[in-house]
Ligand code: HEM
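Form predicted on its own, single chain, as structure tokens, below.
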Amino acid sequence: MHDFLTGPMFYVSFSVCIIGLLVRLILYIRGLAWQLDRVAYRAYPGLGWNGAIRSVLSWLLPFGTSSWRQQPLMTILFFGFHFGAVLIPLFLVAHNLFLKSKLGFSLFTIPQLLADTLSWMVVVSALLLVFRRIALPEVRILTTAYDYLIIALSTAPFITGLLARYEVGDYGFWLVMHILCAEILLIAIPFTKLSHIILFFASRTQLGMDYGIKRGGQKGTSMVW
């Protein structure tokens, strides 16, 4: 099972994830219509890209927008989860050794203590996000089983990874489960809400261009919208 998951299954899951995200991005861009959106994307590229960059960077920074500042607890939990969810898969030493052996390249790595801390931060933040969905009526009414499934899929590789890291029980079993959960997650990403890994940047770019061109740069001019 270990050989299968680290061999053919890895290439399949990795390819599905990358190709699927590219397809989602292309479909998103092709779905844009300046007539429908009433945004002249190509006519004002300078204003558009300035607005897009501001939008993306503001939302990537903790408390960088008024929405983040209005919900400080949610902001802390959100970034606590996503910092670990992004940094651990990309920069863990073991992951990079695996990438080097399978794909021929690797990235820089982070210290093991930082990796452990980030992994725990992901798990704790995920649990608190679940409690938030249960406790707050305005969030609970919008929550379905699908949302809990997404959180479970996102967190399972970190939980199993920690169990393998600390050798709780059978190390080999938890290692296989960790790889399996990670590959299920990779396959699920393009077909679920997890596609926001790439669509976040697409939507923030679109909205940033909207504000940069229509609601900001050209507001108050004679231009008809």
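Don't overthink the numbering: it's just position in the shown sequence, from 1. These figures come from a predicted structure and were not determined experimentally.
In what follows, reference is made to the form predicted together with the ligand, a form of this protein that is not presented.
*Asks:* Heavy atom within 4.5 Å of the ligand in the model of the complex: which of 43, 60, 53, 168?
*Replies:* For this set of options, the contacting one is 60.
*Asks:* Heavy atom to heavy atom, is residue 140 within 4.5 Å of the ligand in the model of the complex?
*Replies:* Residue 140 lies outside the contact set for the ligand.
*Asks:* Answer with yes or no whether residue 69 is in contact with the ligand in the model of the complex, where contact means some heavy atom within 4.5 Å.
*Replies:* No.
*Asks:* Please run the contact check for residue 106 against the ligand in the model of the complex: heavy atoms, 4.5 angstroms, yes or no?
*Replies:* Looking in the model of the complex, residue contacts with the ligand do not include residue 106, since no heavy atom lies within 4.5 Å.
*Asks:* Answer for residue 194 alone: is it within 4.5 Å of the ligand in the model of the complex, judged on heavy atom distances?
*Replies:* Because a heavy atom of residue 194 falls inside 4.5 Å of the ligand in the model of the complex, the answer is yes.
*Asks:* Looking at the ligand in the model of the complex, which residues in 4 to 29 have at least one heavy atom within 4.5 Å of it?
*Replies:* The stretch touches the partner through 10 alone.
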